[in-house]
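Only one chain is included here, represented as C-alpha cells and corresponding to the form predicted on its own.
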C-alpha cells in the first residue's frame, strides 16, 4: 500500500490500530471547511472499517467543551482539526480514565509542562502522546504543507482494510487544504502534493493550470470578472458594465438559451482568448507584474462532481462548507461531504447566499468604521455587528484593501457569549519576516486571562470582555519582537 505522508506513517498506523480496537468512536471536529472535511474523511474511513461513529462539532475546543465530551462516557474519542493545542486538558482526562484519545490535527501542540505526565511525553519541545497524528511532530509545516483534513486522510489510509481503498477521500482532503488557505503561491505543496497525486491516481481529482479567479464553475462570466478583486484590473474589477463590455468586445456569446455562460461553459480556445486579453488589459493599465502572474494558477477539480456546480471546484466547495457550520449547520456540511446531493445541498446553497451577503456587509462595516493602527498591528472591533464565526474571514478579506496596511497583521474583535472572540490574519511576506500569529494569539491571550492559538498566518483567541486594549498592547509588543 502506498503511503501519502511517509513521515506520519508510524503515527497513523498506531492511531488506526487503536481505533480498530474500539467498539465505537465519538468523533469531535472543528467547524470550518478544514474541520468539516476532516470529519467527513475520518467518519467515512471508520464506517468502511465497520466501526460505529458519532460526530459532534465545536466552534472551539476549550476545557468546558472537553468536559462535555468526557460527559458522553465514550471510551474512544477521535479529535480532528483540533486537539493538539488542548493536549494539556485532554491528557488529564486520559490519565483519569475518562476516555482514550486519538488526535489527527495540524495545529501547534500544547506546552508539555502543562500536560499530565502519566499521559503525555515530550518530543522536541512539543506535547505528544501515543495516538497523535500531527505533521509538526515530524518536521512538516502544519500551516502550509498539511491541513487537518490531510492528517485525517493519512489516518484514513492507515485505517483501510487489506482489500479496501480510501484514496477517493483525497478529494475531500484537498478541499480542506484549499479551504485552510494552504495553497502556497496558488499551489498545494509539501505533504499536500502527495495527497493530490493519490487523488489524481484514484481519478477523483484533476490538477491543472487555469485562470485563478474564484467562481469559475458558478458565476456568470461578467460577474466572474467584476468580482475578481484578487487582481484588480481598472475598468473591469468592481465595474459590471466594464466587465460586460470587455467580454463583448472579444466576440464571445455570453448567453446560451437565455442563460449566462460561466467559465466552465467556455471552450478551450475561448478560455485562452479571455485569459490573454485579461493579461494584455492588465499590462496596459499598469497592474504590477507580480499581480499579473497570479492571474493564472493551479486549480483542483473534483472530477466526480457535475460541471457547473460549487462541488466541482475545490475553492468553491470549501466556501460552501464554510457557509454551513459557521451558521450552526455543521450537519448540513457533513452530509454534503458524505455525498448527500438532495436536501442538504440545497440547504447549503441557501446558507452560502446568506454567507456571501454577510461577508459583503461585514467588509462594508470595516470600511465605514475604519481600522485603528498600533505600531506593529492594526485592528477593528465589530462588536455584535459581525458574527464571531466569520469575523476572521472578513479580516482576511480586508487585509490590503484601502486603509488597511498589508505590512501589518490585522486583528478583529467580535462579541461571543459574554466574551470577546479575537481573529488575526497576516500575509505570506509577513510570515516570511518572522511573524507567527499562533504565538501572538496564545501569549497575548494568556496575558489577559484568555486562550488562543492557530497557525503562523491565521490564528484566533478568546479573551474576557473589556481586555481588548490590553490584548492589543501585548500583541503589538510580541509582533515587534518577532520582527526584530
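It should be emphasised that the depicted structure is a prediction, and the values quoted were computed from it without experimental measurement. Numbering follows the first chain given and starts at 1.
Separately, the form predicted together with cytidine-5'-monophosphate exists; it is not shown, and the next lines address it.
### Query
Of these, 210 to 218, 172 to 180, 337 to 345, 288 to 296, which stretch puts a heavy atom within 4.5 angstroms of cytidine-5'-monophosphate in the model of the complex?
Correct option: 172 to 180.
### Query
Of the residues 451, 65, 415, 436, which one places a heavy atom within 4.5 Å of cytidine-5'-monophosphate in the model of the complex?
Checked against the cut-off, the match is 451.
### Message
When the contact criterion is heavy atoms within 4.5 Å, does residue 107 count as touching cytidine-5'-monophosphate in the model of the complex?
### Response
Contact with cytidine-5'-monophosphate, yes.
### residue 392, heavy atom within 4.5 angstroms of cytidine-5'-monophosphate in the model of the complex
Residue 392: contacts cytidine-5'-monophosphate in the model of the complex.
### Query
Could you tell me if residue 46 has a non-hydrogen atom within 4.5 Å of cytidine-5'-monophosphate in the model of the complex?
Residue 46: no, not in contact with cytidine-5'-monophosphate in the model of the complex.
### Query
residue 408 near cytidine-5'-monophosphate in the model of the complex, any heavy atom under 4.5 Å?
Flag for residue 408 set to no.
### Message
Counting heavy atoms only and using a 4.5 Å cut-off, do 167, 198 and 314 all touch cytidine-5'-monophosphate in the model of the complex?
### Response
Contact check failed for every one of 167, 198 and 314.
### Query
Relative to cytidine-5'-monophosphate in the model of the complex, which residues of 6 to 36 have a heavy atom no more than 4.5 Å away?
Residues within 4.5 Å: 30, 32, 34.
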